[in-house]
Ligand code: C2E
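Only one chain is shown below, in structure tokens, and it's the form predicted alone.
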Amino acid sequence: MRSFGLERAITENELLLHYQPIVSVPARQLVAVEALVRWKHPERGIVSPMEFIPEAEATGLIRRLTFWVLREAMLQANVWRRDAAVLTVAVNLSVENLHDPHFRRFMELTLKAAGGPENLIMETSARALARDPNPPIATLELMRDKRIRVAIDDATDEDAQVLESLPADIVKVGRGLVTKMGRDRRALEYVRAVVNAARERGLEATAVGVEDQTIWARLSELGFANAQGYFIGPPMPAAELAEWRATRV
């Protein structure tokens, strides 16, 4: 995926956001959504972010891409708020975003658009933080000082040190573990270890990749506070999310 194509996509508004529901355990009440970017390519159709996020990070376009995602997500959150359907929105940040010297100003503008920090969660990858020789601890602390909740995403059993050392509010246990824990005892024990480590620090645990009833049935016992996955609801456009939500009210 060439960078000039992605740059055009940002400029000409070829990107769109889908929103995946995050629900409480065990009540299954909608508590937030995760904003997930897609590229509506004029020739290839909908392109997964797995194909263009690495290119954005490698070419320096990640700043513009993240700004676009946050702006659009906050605009949509404001529409929901206007319609008396207030929703917290989680947005993914790369480690490059957290090291960006312009991030502080960017965050202040985002908070003005968000209508308050309680409506915003910033997520970043546990693995990327673990690989970073100089983790952006000051930036994470700054976000929490502003009362933005910080989520460590895609945590695995190898990320105990990350959970112990980084300021955060939420730990999202990765899909790779969650999807296997219904049939793999080792994966189940790894999930239990990550959730216990999170709870010892007072962090809220969210299961990502809940794909069936078997997995859902284990979440409360394991100590998860929230969950997301196709068993609950797939990523969907805002209009479809409104319909999905209406069937559950």
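From 1 onward, residues are counted along the sequence shown. Nothing here was measured: the structure is a model prediction, and the numbers come from that model.
The next section is about a form of this same protein that is not shown, the form predicted in complex with the ligand.
- The closest non-hydrogen atom of L36 lies within 4.5 Å of the ligand in the predicted bound form.
- Although the partner is absent here, D132 is not a contact residue: none of its heavy atoms lies within 4.5 angstroms of the ligand in the predicted bound form.
- Although the partner is absent here, L93 is a contact residue: one of its heavy atoms lies within 4.5 angstroms of the ligand in the predicted bound form.
- Although the partner is absent here, D184 is not a contact residue: none of its heavy atoms lies within 4.5 angstroms of the ligand in the predicted bound form.
- Partner contact region in the predicted bound form: 37-45, out of 37-45, 196-204, 24-32, 216-224, criterion any non-hydrogen atom within 4.5 Å of the ligand.
- Contact here is defined as any heavy atom lying within 4.5 Å of the ligand in the predicted bound form, and by that definition not a single one of M74, A77 and P167 is a contact residue.
- Residues from 49-80 that approach the ligand in the predicted bound form with a non-hydrogen atom closer than or equal to 4.5 Å are P49, M50, I53, I62, L65, V69, in the order they occur in the chain.
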